[in-house]
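Before any questions on binding or motion, here is one chain by itself as structure tokens, the form predicted on its own.
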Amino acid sequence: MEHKARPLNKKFWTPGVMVMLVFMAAGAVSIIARFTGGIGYVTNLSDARPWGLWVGVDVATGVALAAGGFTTAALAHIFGRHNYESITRPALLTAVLGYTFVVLGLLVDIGRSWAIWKPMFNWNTNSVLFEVAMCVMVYLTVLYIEFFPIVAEQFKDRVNLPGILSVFNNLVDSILKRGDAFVGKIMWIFIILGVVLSCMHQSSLGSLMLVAPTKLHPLWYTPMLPLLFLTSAFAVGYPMVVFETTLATSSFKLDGEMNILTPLTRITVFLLGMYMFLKIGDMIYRGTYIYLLQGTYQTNSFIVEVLFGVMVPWVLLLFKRIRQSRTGIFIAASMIIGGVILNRINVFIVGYKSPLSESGYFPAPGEIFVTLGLIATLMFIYRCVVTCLPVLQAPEEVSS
């Protein structure tokens, strides 16, 4: 049965939400400590280890896992597969929150957070990091514009501001209607722009590490790193949609949408297979497979990444029985997501080591609490948004 996207009338304050609040509070305390005591007060970073968990997870992984937004938009709107429209809104919301999460992580990580706006006016066109910064900034703006029609759909003709603000009801309603109409006419521009920008900065994140041939382990250092980052983002886009949709529909007791998710996994077989072919082929071509049996924590992490994050889920999705099983595709999607997370951690943390540094790195409790707090905040806002705005497909609920 087809259902319309609508706000969910579900109990909000569940035990899970209360757990989120605990992590959010711990993260808030750590962030306050970071800005009052300095970045060295809450981290194990040093001159030899200038970045750690916040860059490897909050930024690099956050960008990769938000890929479901542009891959779903491309599938539904550019390639004309309109039967996937029902998953574009939750994928868009995940992308909006994911990139907002990236920006918040950067604000905590960079030493001078108040100067984050400077790339807009001080252009260094020879810097890959400049290109990443500009693309992420513009793409986040594009995502908010793409999300505007969802807000307008919920509140136009229903604006009811409290107290003295009620005199602005007509003005706000007019802005919502005119803005919705205008954005609707040029939405195709933002969709195409979003896909292009995403492809640019997904690959550029890999380009960042090309300047560190003596610091990045040979298993990950390759001239193909930008292409591998891009293809891994393609590969994880639809599994992220499967993962998010399965969790949301299970949590809110909605239709599992297997008629949409099963075809997505068939596309994932091709995209993940392409990434696997490039990654393993590059390793064989460069001869770096000789490191696999060294037994170090770096080589072991690479084996886990490729075996359980790429090869095993790819084989699982070859079976029709797995693709038609809600549990099966969720497990496969979770493994792919875990593989991409581990890949970004491996490239930016595990595989990175300055040859002049003997000290290792492990995240301090403050770093861990900030990351967990930001993730909990993202999940909390997601629940707030789907409760208030028409994002998820749900049957109309009749008040008793």
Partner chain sequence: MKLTRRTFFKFMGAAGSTVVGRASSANAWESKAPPDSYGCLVDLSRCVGCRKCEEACSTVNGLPAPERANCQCTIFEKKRRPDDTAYTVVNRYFTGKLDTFDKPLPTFAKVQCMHCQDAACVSACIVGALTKDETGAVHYDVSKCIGCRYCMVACPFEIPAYEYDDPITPRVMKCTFCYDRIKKEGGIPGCVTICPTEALTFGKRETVLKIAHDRLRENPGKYIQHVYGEKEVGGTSWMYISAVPFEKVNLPVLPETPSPKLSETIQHSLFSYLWSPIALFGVLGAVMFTSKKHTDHSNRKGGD
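Residue numbers count along the first chain shown, from 1. Quick caveat, the model's predicted, so the values are computed rather than measured.
Absent from the display: the form predicted together with the partner chain. The rest refers to it.
J.: Counting any heavy atom within 4.5 Å as contact, can you tell me which stretch out of 370-378, 57-65, 338-346, 28-36 lines the partner chain in the predicted bound form?
T.: So the stretch in question is 28-36.
J.: Heavy atom within 4.5 Å of the partner chain in the predicted bound form: which of L193, L140, L278, M258 fits that? Just give me the one.
T.: Filtering the options by heavy-atom distance leaves L193.
J.: Can you work out which of K177, K118, R286, R266 has a heavy atom no more than 4.5 Å from the partner chain in the predicted bound form?
T.: None of the other options qualify; the answer is K118.
J.: Since only the chain is shown here, I'm wondering whether F79 would be in contact with the partner chain in the predicted bound form (any heavy atom pair within 4.5 Å).
T.: Yes, F79 sits close enough to the partner chain in the predicted bound form that at least one of its heavy atoms falls within 4.5 Å.
J.: Is the gap between A212 and the partner chain in the predicted bound form 4.5 Å or less for some heavy atom pair?
T.: Looking in the predicted bound form, residue contacts with the partner chain include A212, since a heavy atom lies within 4.5 Å.
J.: With the cut-off set at 4.5 Å between non-hydrogen atoms, does K185 touch the partner chain in the predicted bound form?
T.: K185: contacts the partner chain in the predicted bound form.
J.: Quick one: is L45 in contact with the partner chain in the predicted bound form, heavy atoms, 4.5 Å cut-off?
T.: Flag for L45 set to yes.
J.: Within 4.5 Å of the partner chain in the predicted bound form, counting any non-hydrogen atom, which residues from 296-319 show up?
T.: None of them.
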